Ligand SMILES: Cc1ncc(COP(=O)(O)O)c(C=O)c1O
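Heads up, the chain below is alone and in the form predicted on its own; it's given as structure tokens.
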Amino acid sequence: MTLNDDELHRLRARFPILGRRNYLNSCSLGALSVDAEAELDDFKDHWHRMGASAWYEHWMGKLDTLRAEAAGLHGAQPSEAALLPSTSAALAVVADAVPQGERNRVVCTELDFPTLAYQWRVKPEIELVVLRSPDGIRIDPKQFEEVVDERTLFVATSHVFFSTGYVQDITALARIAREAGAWSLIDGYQAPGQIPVDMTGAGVDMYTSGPLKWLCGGPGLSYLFVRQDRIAELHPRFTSWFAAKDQFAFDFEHFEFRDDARRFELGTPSLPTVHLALGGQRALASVGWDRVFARVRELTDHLMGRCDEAGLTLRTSRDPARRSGIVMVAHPDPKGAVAHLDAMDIVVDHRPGHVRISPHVYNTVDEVDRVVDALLGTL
């Protein structure tokens, strides 16, 4: 069951921007909740009252809590979770930690966020294979099967394409990689918080995400999940004291990696964002994740239906099982259209040739209708 009017009203009250603006841009930055603000206030209060001693009595525990809660949301175990400053950092650490041997091929797609390909584009020893989309929306798993072979080191691609909202079958991609002896690395930043994620069930080796977008936790933090049975194979060449097995021994003569995914961590995590992430995730979890996902689907279906009625062209999958809450609307001047809507207190985003609209659980049908009407006024 999706939210009733009273439940939706109470939820919206927890996100102050919704009282000021029609916010339909959660795939760029999730709205800030009073829950996240309260966690941030708690961080500041402990800092004021306790100073550095807050590390031992509060903040180290917060890091453990976030690893555990984020792992649960991603279908992973806490021991499989690491906190890093960005997805770029997470990708760089694991890309350099995997034993290369004679394998030098990495397979990605033209629809992935560029950061994914950049990790290998700068490595002359790597052959980067970029799959092309047959329709500008998706990549067929068979395209991966045709190029992934004994030379492949990584199948590195997205769970949800930022440019089309298409949801890839990561179970199939993990299988293709595994059968070829390659690693599967999934950039999931656009997935958790809007669709279910089960990294373990999918058989994925590595999965990256973070709180910035659909989890409403703000910038400055990324999550890296590595399957427990593969962690011991990996020895990062970029490291920190957080990655050391005995972190507080301060012994620079000897170094031993942690046994869990924290061996990939790169120093002190951003504590303000750690607190914001906990608050944002809990605000959404209070609704029930199944209801969050159902609400996003409901609003996306309504948005697409209104766009179809208005004669707008969409660059989004028509298969309900393969689409997410990211809807791309073709427009001759997307940047100008976004600026026009912003002047009307409607917040969306643009990508080349398209206006990007992303409703979340806290949005209303009326807000969706208003953005379509406003968009029509720019044509």
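Numbering starts at 1 and runs along the sequence shown. This is a predicted model, so every value here is computed, not measured.
Keep in mind the form predicted in complex with this ligand is missing from the figure; the text below concerns it.
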_So, T171 and this ligand: in the predicted complex, are they within 4.5 Å at any heavy atom pair?_
no
*Find out whether any non-hydrogen atom of Q247 is located within 4.5 angstroms of this ligand in the predicted complex, and reply yes or no.*
no
_Since only the chain is shown here, I'm wondering whether S86 would be in contact with this ligand in the predicted complex (any heavy atom pair within 4.5 Å)._
yes
*Would R263 sit within 4.5 Å of this ligand in the predicted complex, counting heavy atoms only?*
no
*Pick from Q281, Q190, S184, T300: which residue has any heavy atom within 4.5 angstroms of this ligand in the predicted complex?*
Q190
*this ligand: the contacting residue among T115, N104, T268, Q228 in the predicted complex [heavy atom, 4.5 Å]*: T115
*asked:* Heavy atoms within 4.5 Å of this ligand in the predicted complex: which stretch in 86 to 94, 123 to 131, 172 to 180, 254 to 262 meets that?
replied: 86 to 94
*For the stretch 290 to 312, return the residues whose heavy atoms include at least one within 4.5 Å of this ligand in the predicted complex, in the order they occur.*
none
